[in-house]
Ligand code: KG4
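In structure tokens, the next block holds one chain alone, the form predicted on its own.
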Amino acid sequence: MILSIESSCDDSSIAITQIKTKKLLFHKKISQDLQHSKFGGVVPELAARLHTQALPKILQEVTEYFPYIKAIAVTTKPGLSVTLIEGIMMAKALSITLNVPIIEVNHLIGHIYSLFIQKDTLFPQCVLLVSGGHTQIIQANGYDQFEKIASTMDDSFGESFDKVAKMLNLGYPGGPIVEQYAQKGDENRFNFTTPLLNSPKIAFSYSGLKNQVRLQIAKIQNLSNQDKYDICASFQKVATAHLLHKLKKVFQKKDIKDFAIVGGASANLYLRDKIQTLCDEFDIKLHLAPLEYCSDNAAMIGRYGIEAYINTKKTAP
């Protein structure tokens, strides 16, 4: 079995995955949303302290699996350095205690492997990664064969949702709240412009759209709930249209049969619906991770850990 640890931001998570069957035997995540909500975002030092409490607590629940552990998979980058170190130090301690190797996992690649939890891998496929820190299009051709096709030049898709929520004083985490508000709003009320609409670049940019929202909020001043609903709906429409516009360019240039959306922001149902429509237009099969594995979790880290263990024939240090 693989024991996997995720602590790249504000979710403490540990999983146990069986190597041969890929079956997820144990998975638990402790979220810190409540503790960070009063600050309107993640406070790194607070997140690190909470990891020191949560990770050992979860680990106590999996001691029965220790005799069967063949490797420890742990997120090592990217993420908050003060929170990553908590998972890494636990992995090092377990590696020494159990005499098993450590498998270092790139968090972004882990998100791609969220598609394969309790499943076989499917390559090649083109992947859109949308999260609080990243917006990328990645061509995934096989184990550890990843080519970045496009990325954001400034803010990410998920980050822009969080910042709009903060501007409207909606709370944290902002993405799900903006999506909920948008369901009650008129997406055509505010005519926000789509970023990079006339640019041939296959890249993303959300700073300008975020600024459009800020100016609109300042213009109205005393916002009613309906104003907030309409701003969220109009923003979500254009933020998604920007992704669709650039994805369409990629679909027109590349022969793509399988396409996937991963990352925390891929849980947005409006985005899923719009991309499904685009994929149908190009006769592309859309793959989605289950909603419970879209955000940061150790199950995806463990799933990658299986492939790394098999492909690199890891041995104990």
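The first residue of the sequence shown is number 1, and the count goes up from there. Predicted model only: the values in this text are computed from it and were never measured.
Another form, the form predicted in complex with the named molecule, is not on view; read the next lines as being about it.
In the predicted bound form, no heavy atom of Gly185 sits within 4.5 Å of the named molecule. Contact between Glu179 and the named molecule in the predicted bound form is found at the 4.5 Å heavy atom cutoff. Proximity of Gly175 to the named molecule in the predicted bound form: non-hydrogen atoms within 4.5 Å are present.
Not displayed here, the named molecule is approached by Ala267 to within 4.5 Å at the level of heavy atoms in the predicted bound form. Heavy atoms within 4.5 Å of the named molecule in the predicted bound form are found in exactly one of 166 to 174, 118 to 126, 139 to 147, 97 to 105, that being 166 to 174. Of the listed positions (Gly158, Pro195, Gly110, Gly87), a single one reaches within 4.5 angstroms of the named molecule by any non-hydrogen atom in the predicted bound form, namely Gly158. Contact residues in stretch 287 to 312 (any heavy atom within 4.5 Å of the named molecule, taken in the predicted bound form) are Cys294, Ser295, Asp296.
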